[in-house]
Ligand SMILES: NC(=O)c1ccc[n+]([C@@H]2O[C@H](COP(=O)([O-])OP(=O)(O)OC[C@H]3O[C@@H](n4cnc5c(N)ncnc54)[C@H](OP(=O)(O)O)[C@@H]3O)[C@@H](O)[C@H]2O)c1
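One chain comes next, on its own, written as C-alpha cells: the form predicted alone.
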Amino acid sequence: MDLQLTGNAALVTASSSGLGKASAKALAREGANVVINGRNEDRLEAAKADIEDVAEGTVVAQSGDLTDEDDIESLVETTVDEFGGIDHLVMSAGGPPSGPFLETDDEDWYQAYDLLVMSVVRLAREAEPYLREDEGTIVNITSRSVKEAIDSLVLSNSVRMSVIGLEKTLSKEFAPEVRANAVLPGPHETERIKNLVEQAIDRGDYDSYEEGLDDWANNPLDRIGDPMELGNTVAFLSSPVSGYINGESILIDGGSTGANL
C-alpha cells in the first residue's frame, strides 16, 4: 500500500533508539524526509545511518533535550529550514523511572511531567502553524498504562494520562487542518527490553535470552512486539490513507490489556 508520504516532512522526537527510531524508519522508508532527535550524539548518528539504509527520503539528525525549551524551538526550526515545513509531528519521550507511589518524591513527579507532558505542549505549540499550513498530523507515542495501570509504574500510569487528554483536545482545536492521534504500546523488543533481559540473565533469573524475552510476551499472541510493527502504525496514522481517524488512542500490545475500551 502506498501511504502517500513521499516528500513530506516529519519531525520524530526521542528517535535515536526504540519506538521513536522505528517510527522514523517507517516514515523514511515510505519516502518522507525525517528529522530525528536524541540527546546522545553518537547514538543519534548511528540511528541516522541505520535509517538511511532503508530511507527513500532525506534523514537529518538534530540533538536536543526535550525538557529544554530552546532545544525544542531548535528542533522545529531545523525541520522547517531543511524541508520547508512540517507535515508530521511524532512525539515520543521514553519512560519515567519505575517505582511505587510512596517511593516517588516531588522531584520525580515534576521531572516526569516536564519530560512527558510539557515536551508535547511545547512541541505542539511551536509546530502548530506549520502543521496547519500543510494539513498535517500529530501522533503521540505513550503507553498502554493509560488504559490499564501497571504495577510499580505510578508515574507512567498517572502522568501519561495528561498526554491523552491533550491529544484529544488538539484533535478538536487543531481540526480540520490537523489530525491528532496516539498509540499505546505494550512491550516491544527495543534496546531497553534487551538490556533488562540481559541484566536478568546476569543475575541468574534466566538461563537464556529467549527465556527472558518470553516473560515479556504475556499476551494472546504469545510474543513480544517488533518495534517496526509500531513504527508502521505510526506511519499509517500519519498518512492520508488514515484520513478519517482523529482523536483516537490505539493499543499496540498484542491484546494484553484487559480494558474493554
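From a predicted model like this one, the values you see are computed outputs, not experimental measurements. In this text, residue numbers run from 1 along the sequence as written.
Not on display, but discussed next: the form predicted together with the named molecule.
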Next on the checklist: Give me the residue from Ser143, Asn140, Thr79, Thr137 that has a heavy atom within 4.5 Å of the named molecule in the predicted bound form.
Outcome noted: Ser143
Checklist entry - Is there a non-hydrogen atom of Ser158 within 4.5 angstroms of a non-hydrogen atom of the named molecule in the predicted bound form? => result no
Checklist entry - Do Leu170 and the named molecule come within 4.5 Å of each other in the predicted bound form, heavy atoms counted? => result no
Next on the checklist: If we define contact as a non-hydrogen atom of the residue within 4.5 angstroms of the partner, is Asn40 a contact of the named molecule in the predicted bound form?
Outcome noted: yes
Next on the checklist: Taking the named molecule as it sits in the predicted bound form, is Gly94 near enough to touch it, meaning that at least one heavy atom pair lies within 4.5 angstroms?
Outcome noted: yes
Checklist entry - Just one of 28-36, 51-59, 192-200, 207-215 has heavy atoms within 4.5 Å of the named molecule in the predicted bound form; which? => result 192-200
Checklist entry - Honest question, do Ala14, Leu19 and Asp65 all end up within 4.5 Å of the named molecule in the predicted bound form by heavy atom distance? => result yes
Item to check | Residues in 169-185 with any heavy atom within 4.5 Å of the named molecule in the predicted bound form | outcome: Pro185
